[in-house]
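Just the one chain here, laid out as structure tokens, in the form predicted alone.
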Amino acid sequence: MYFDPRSIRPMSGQFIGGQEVREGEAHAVPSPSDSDIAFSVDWASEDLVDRAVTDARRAWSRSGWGSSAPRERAVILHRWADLVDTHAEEIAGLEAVVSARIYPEVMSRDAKVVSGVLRYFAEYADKIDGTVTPTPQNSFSFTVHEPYGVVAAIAPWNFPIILAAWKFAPALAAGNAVVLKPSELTPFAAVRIAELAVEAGLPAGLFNVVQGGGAVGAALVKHPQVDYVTFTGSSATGARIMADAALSGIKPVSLELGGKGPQLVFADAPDLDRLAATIARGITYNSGQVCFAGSRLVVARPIADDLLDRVLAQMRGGRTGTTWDEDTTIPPIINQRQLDRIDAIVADAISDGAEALCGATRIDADRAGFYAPTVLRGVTTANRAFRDEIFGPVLAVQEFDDEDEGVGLANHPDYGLTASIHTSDVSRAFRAARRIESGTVWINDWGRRTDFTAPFGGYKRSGIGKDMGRSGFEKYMKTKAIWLELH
């Protein structure tokens, strides 16, 4: 056992103005790993949301953060990153105990991504230049970049601290204040990271955290002093956030939403054993609770049987368990509601003609909910397993005869977040990559690495705007043109 879950002592309130605020109705935060373990968090009222935003605006104005020297901001962010590394074990416990993130993965990946993102965007603070534009001889025109002011950031439960950091790190580096709402299912690690920001020297109030469900998020988006909204989550919730933002000030919004990623496998794909392991990992990692999961296998008919046999062998090799168990490779589903949804979609898919090659069932556990890694063959484009983002360890299989058919199946009518292409033919790989309507395409690979340079975001209902890379920094700044008439 990596840690004793009953030893965790999370902050249960809001984090406003550099301190905990204990107000609001208490709500249970159960551990998905063990239903006998539960914590409590206070949900913010609309008045508390207003207090958090107003405090952020006041701190932003009084501190001069937005107009401070970029290197001064960078120094604080670097110091903050060092503190995250120092407190990684504590943060990992707070994260793992109420999420599906396995403790060693939080230690080796998630916490390091948070500190790495802080350092990466700290170095962007003084790297964005203005532009002198062509003008007549008696004029001078140039552009400058300015922070928006107060950024509302809403993060999901599947990779809680990573996806929160993708938002608060660049927004703060660009000179904004941030009010973060983590998921009500995974509220604790983000608050501890916010405490460390103040310890690092970030002016109190520049990074506030409010807790609660959808109503809290809506109040934050609609607040008149919020200047920019960034959200990661479902496509349905993203649409509501767009509407709320439009009706409350026409404020800009960036959205990283759902996915239905294909693994497009041609008959000349290299190393089928390695490929099978990649495909299995692409749908079982984090129990499939991944927006960029490789949830659809689109495979050339001549190799379908052989490849599926190898994938099935990989899928049957995982071990379910708590997020603090040293042997766990397949973590629990986040809650009963999500488990019921996965089970219902699989049942509908089978009743509509799909064949379950493995799984298609809950795994009995005394105090937690798990779903068996599942492969569904013979899924049609009308089948719910093709249409819907399942957010569980369920792989939908379709077969094709030629390149056009394969690319056509890989292109989903609604989603376009990520895709993978597997082939030994470089020309075919690039042809398919250009034709697939997706924000990210991997060739002979799957999954994001821990680098920070590549922008991430989707097409269609998978979102608007990009996180990470240069795009993920510049979106938190607005551009002003300044003209000077020479006499």
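Predicted model only: the values in this text are computed from it and were never measured. Counting begins at 1, following the sequence as shown.
The form predicted together with a small molecule exists for this protein as well; it is not shown, and the discussion that follows is about that form.
Partner contact region in the predicted complex: 252 to 260, out of 90 to 98, 252 to 260, 127 to 135, 105 to 113, criterion any non-hydrogen atom within 4.5 Å of the small molecule. Interface residue among Val311, Cys291, Ala190, Leu77 relative to the small molecule in the predicted complex, by the heavy atom within 4.5 Å criterion: Cys291. Of the residues given (Val226, Ala165, Leu417, Val209), Leu417 alone sits with a heavy atom within 4.5 Å of the small molecule in the predicted complex. With a 4.5 Å cutoff on heavy atoms, Ile241 counts as touching the small molecule in the predicted complex. Though the partner is left out of this view, Ala349 does not reach within 4.5 Å of the small molecule in the predicted complex, counting heavy atoms only.
Taking the partner from elsewhere, His412 is found to have every heavy atom lying beyond 4.5 Å of the small molecule in the predicted complex. Although the partner is absent here, Thr374 lies well away from the small molecule in the predicted complex, with no heavy atom inside 4.5 Å.
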